[in-house]
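Form predicted alone, single chain, as structure tokens, below.
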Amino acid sequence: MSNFEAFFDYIQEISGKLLSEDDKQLLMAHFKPKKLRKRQYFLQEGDVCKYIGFIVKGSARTFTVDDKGHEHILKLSLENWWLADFESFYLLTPSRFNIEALENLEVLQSTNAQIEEYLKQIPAFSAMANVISQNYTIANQKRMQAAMSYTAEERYEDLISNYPHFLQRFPQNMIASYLGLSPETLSRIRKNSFK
């Protein structure tokens, strides 16, 4: 129940609406707890993303591997964040991404069909989904702008300002990949920022 209490609190906080007992029962009946060990995949490239997951505990990364074998991290995720390849989840197409647990991970997962039902039946869930959609759109626009027009130093400063906790939870090489930098460049930037 504690996993669900954190989930219910999250929905109510983001949506600004209360969940009824019936709403909570419906969510508990269809969101299934799942545990993944460190380095276990929530989703692998080529598979259809059948589930969306809400992170109760742990962290994960969404990444792709290029033809040369280099990993490119698109997203780093922590508690109270959602896991999915949304294109694959909604369009039922093979995913171009991997989602890997970086720590032991506890998620609550649900299917697309069930999410559609929650959106129709649970006002707080629908309001939460609208807020999250807006936030993701804004975050993606900012990330694209940073990738296209920020210097390496500005990207790092932006990360520190918006996600300072990333520095404690993710290794430097993953932060470098997320920022589109080499580990050496990130190391130089960090060294210069301490001067």
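Just so we're clear, the structure is a prediction, and the values are computed from it rather than from any experiment. Start at 1 with the first residue shown and count on from there.
Quick note: we don't show the form predicted together with the DNA, though the next part is all about it.
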Tell me, which of H70, K142, K35, H165 has a heavy atom within 4.5 angstroms of the DNA in the predicted complex? H70
Of these, 125 to 133, 42 to 50, 55 to 63, 147 to 155, which stretch puts a heavy atom within 4.5 angstroms of the DNA in the predicted complex? 147 to 155
Answer yes if any heavy atom of S20 is within 4.5 Å of a heavy atom of the DNA in the predicted complex; otherwise answer no. no
At the 4.5 Å heavy atom threshold, is N173 in contact with the DNA in the predicted complex? yes
Is T185 near the DNA? Define near as a heavy atom within 4.5 Å, in the predicted complex. yes
With the partner left out of view, is L181 within 4.5 angstroms of the DNA in the predicted complex by any non-hydrogen atom? yes
If you apply a 4.5 angstroms heavy atom cut-off, which residues in 94 to 126 are near the DNA in the predicted complex? none
